[in-house]
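Just one chain follows, in the form predicted alone, and it is written as structure tokens.
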């Protein structure tokens, strides 16, 4: 173990982003992929424990939490790499959810509730996996169109633009009765999504987000995030890189929307409004916006706290008396946690760093150094 020395003083190693030497190619490879491997193991253990308890309500809660986690990872792909805070990604989730309904509802249900669909969609029913992928692609296509305009903006202007996008999509789907039933509830979606399905999707998405963040495209987006002027001077296509991260992020969130629809079996436009936007953004902020570990840890922490506060709102008996939190306790609890995080740890629980424990050393940096030498 090598000591970090700065200004003649020995520095205590951080619990995140350790610096060690890998002694074999296998160790180096494991070190490089450790964050998504670690969180995949953590999620697997959580799913196994919850499934072992045999509580149906807890199982549904876990599935819903994993859907939110997938959305948060999608947000990390864009917000964490571009530095632009997006309020509009739940619009892509809505696009994916309704696209899945158009594909997988039985023809009789579609003719009854959404007769405005084209004849091909109206008379055909597609497999679950196909619908999830196609729904993500549709969300990515809409992101490509909207992002070609929005990504020319920067800072708060871009964030407001994404919020406007959410409002436009919300109003459009709310009034698109022949395709979405408008303000009414759409029923008849086959239920396929459970904790095991979501575990598989979350693992794939985490590895994909990790690869993107360390690819030349992700690094270019990070360069524009850290210094837009310098990155342009270095030849980075800032608009193009932001647009790419926006499209990739929308694809992930669109798939999460399709899985959300196949989890509930019903859809309503009101499910994809500001409350869902704020809860997923709070997960990313609490964990740390600029790392995959922050996105996953934030989702786990907020989901656990949210469920604990929900149970407290239901209440429990003490000496024959029901003791419970007043209504709205969950929102108050989440707000207090965010305030504490922003005051005492502005960069989130992970300080925007990947969790490389129990190994030390940045394998990517070591690889780059070996290539230079």
Partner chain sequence: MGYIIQVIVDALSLGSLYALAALGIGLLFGVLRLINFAHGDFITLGAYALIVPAYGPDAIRFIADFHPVALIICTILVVVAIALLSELLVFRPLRYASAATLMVGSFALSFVIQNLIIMIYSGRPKSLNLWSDLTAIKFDVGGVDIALLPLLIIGVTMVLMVLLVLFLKHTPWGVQMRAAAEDFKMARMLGVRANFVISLAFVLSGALAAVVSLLFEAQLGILMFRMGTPLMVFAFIATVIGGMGSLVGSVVGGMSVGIVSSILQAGLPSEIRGYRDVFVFGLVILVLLLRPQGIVLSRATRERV
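Residue numbers count along the first chain shown, from 1. Just so you know, these numbers come straight off a predicted model, no measurement behind them.
Omitted from view is the form predicted together with the partner chain, to which the following refers.
Using a 4.5 angstroms limit between non-hydrogen atoms, residue 154 touches the partner chain in the predicted complex.
The partner chain is not shown here, but in the predicted complex it comes within 4.5 Å of a heavy atom of residue 339.
Although the partner is absent here, residue 334 lies within 4.5 Å of the partner chain in the predicted complex, judged by heavy atoms. Though the partner is left out of this view, residue 150 does reach within 4.5 Å of the partner chain in the predicted complex, counting heavy atoms only. Only one listed stretch (244 to 252, 160 to 168, 198 to 206, 132 to 140) carries heavy atoms within 4.5 Å of the partner chain in the predicted complex, and that stretch is 160 to 168. Although the partner chain is omitted here, in the predicted complex none of 124, 183 and 214 has a heavy atom within 4.5 Å of it. For the options 234, 274, 266, 106, the residue carrying a heavy atom within 4.5 angstroms of the partner chain in the predicted complex is 274. In terms of contact with the partner chain in the predicted complex, the residue from 114, 279, 238, 297 that brings a heavy atom within 4.5 Å is 279.
Counting a residue when any of its non-hydrogen atoms is within 4.5 Å of the partner chain in the predicted complex, the hits in 173 to 199 run 175, 176.
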